[in-house]
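One chain follows as structure tokens, the form predicted on its own.
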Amino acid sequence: MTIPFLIIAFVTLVPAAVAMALRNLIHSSLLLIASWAGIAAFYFWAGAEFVAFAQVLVYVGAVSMIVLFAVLLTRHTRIDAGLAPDSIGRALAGLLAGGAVFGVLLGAVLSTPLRVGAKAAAQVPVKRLGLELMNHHTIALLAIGILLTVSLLGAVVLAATDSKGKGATP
């Protein structure tokens, strides 16, 4: 391992871990943005400049703004931030789901053969990457865009109604 890789790993993983431990959603969202920037730095370090630029443009720019707007539009007071009675059950379900995702990702990484040599160092041209994204993955990109738009509209609707559901707030 090299020193730049360790610095990038630190910049990526530490904000993500701290974001999970904090109770303030705004601070956690900002730390999530720092973690996404660390992922972009990893892409840049690995030689995938276009993917690093896309990471900064999409996640650090657009998705982070949607997350911040959703948090700001749906949070009314500190009373709303109280612990629900079923918080422990939700935490255990979240840990179980996170463990399942980790297991699937670990299995995928371990079953992937690692190529070493000149072929592994060859970079994918930007044109080919763009064609792959816009030909084979167009539906996924459109679905993500629609999902983010609907979630932001839902946050606006939730913010427009008061906590008792009797109508719009003044």
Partner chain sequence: MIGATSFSPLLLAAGAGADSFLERLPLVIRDTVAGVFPAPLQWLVGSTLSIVAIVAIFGGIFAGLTLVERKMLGRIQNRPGPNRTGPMGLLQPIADGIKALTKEDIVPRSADHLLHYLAPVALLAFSILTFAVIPFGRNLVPLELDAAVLYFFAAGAASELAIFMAGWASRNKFSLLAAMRALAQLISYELPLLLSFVPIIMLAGTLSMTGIIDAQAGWQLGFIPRWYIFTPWGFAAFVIFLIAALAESNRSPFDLPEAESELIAGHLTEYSGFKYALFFMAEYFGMIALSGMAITLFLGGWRAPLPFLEFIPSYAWFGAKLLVLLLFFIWIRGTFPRLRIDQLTRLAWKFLVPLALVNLGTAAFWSLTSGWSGALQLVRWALTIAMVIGPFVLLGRGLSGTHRPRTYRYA
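The term rigid core refers to the most C-alpha atoms you can superpose between the two forms while keeping them within 1.5 Å. All of these numbers come straight from a predicted model, not from anything done at the bench. Numbering follows the first chain given and starts at 1.
One more form of this protein, predicted together with its partner chain, exists but is not displayed; see below.
- Using a 4.5 Å cutoff between non-hydrogen atoms, residue 60 counts as a contact of its partner chain in the model of the complex.
- Although the partner is absent here, residue 33 sits close enough that one of its heavy atoms falls within 4.5 Å of its partner chain in the model of the complex.
- For the stretch 38-65, the set of residues having any non-hydrogen atom within 4.5 angstroms of its partner chain in the model of the complex comprises 49, 50, 53, 54, 56, 57, 60, 61, 64, 65, in sequence order.
- With the core held fixed between this form and the one not shown, residue 61 has its Cα displaced by under 2 Å.
- With the core superposed, residue 16 shows a C-alpha displacement below 2 Å between this form and the one not shown.
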